[in-house]
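One chain is shown next in structure tokens, namely the form predicted on its own.
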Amino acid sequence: MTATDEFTRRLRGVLERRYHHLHPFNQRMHRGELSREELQLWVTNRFYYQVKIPIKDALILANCPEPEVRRKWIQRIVDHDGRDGGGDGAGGGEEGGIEAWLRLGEAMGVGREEMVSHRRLLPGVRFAVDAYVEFCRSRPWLEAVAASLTELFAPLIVKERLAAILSHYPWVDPEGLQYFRNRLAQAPRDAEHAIALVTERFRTRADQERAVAALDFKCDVLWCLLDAVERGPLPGWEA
């Protein structure tokens, strides 16, 4: 086994032990055990994470001095923000992941105004997501790229989630599930680019430890988000 193979194995090992597909809330979701209210609370709070994704990617771009990396990384922002069809009113725009998530919320019975207003945003979700954004703002850009490697396991959870919703939650409009279908193509492409950057640049043991720590941190973010959703609002707490 080469040193690169060993490093890749360590990164994947973090996800095998700590990726949020193992969280009890996600496992209950995939077994069809969530109530309508629990699923709605999840889709509403996860939206805060979704709207911050292009912001964290913009911060990675701002910290990255390499044009060739920036040219490729910027596609992630387009994937989530979408693309304007132009100012002539002729259309031709490209819907992004944020809009697709709003449609997912609507398919689950949550109005887009309720999601956009973040009225039901739980403090623990805000804290975890904001910590991730600050990590990408303040840490070296390659460490932020390493943190994004949760995408290596994203197709696994997306396939499971898509099948679970179709099987166990018939009240969810299947036309609203396009976000998950899009990610089945986008996440492997993004993960391939990110893992190549990390394994090519992080050569020393100290650098590799920083990459593993960054991925550990990102797993903490996703886990804490679900912890907050699973606990739900405190009695008498108003979002």
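For every residue, the number given is its place in the sequence shown, counted from 1. On a predicted model such as this, the values are computed, not experimentally measured, just so you know.
What comes next is about the form predicted in complex with a small molecule, which does not appear here.
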| said: in the predicted bound form, does each of 8, 139 and 202 have a heavy atom within 4.5 Å of the small molecule? | reply: no
Non-hydrogen atom contact residue 208 with the small molecule in the predicted bound form at 4.5 angstroms: no
Open item on the list: Test of understanding: in the predicted bound form, would residue 53 fall inside 4.5 Å of the small molecule by heavy atoms?
Closed with: yes
Against the small molecule in the predicted bound form, would residue 151 count as a contact residue? Criterion: heavy atoms within 4.5 Å.
yes
Just to confirm, residue 20 within 4.5 Å of the small molecule in the predicted bound form by heavy atoms? yes
TL;DR on 31-39, 44-52, 169-177, 64-72: the one with heavy atoms within 4.5 Å of the small molecule in the predicted bound form is 44-52
Exactly one of 83, 161, 126, 118 comes within 4.5 Å of the small molecule in the predicted bound form through a heavy atom, and that residue is 161
The one residue among 165, 110, 122, 157 placing a heavy atom within 4.5 Å of the small molecule in the predicted bound form is 157
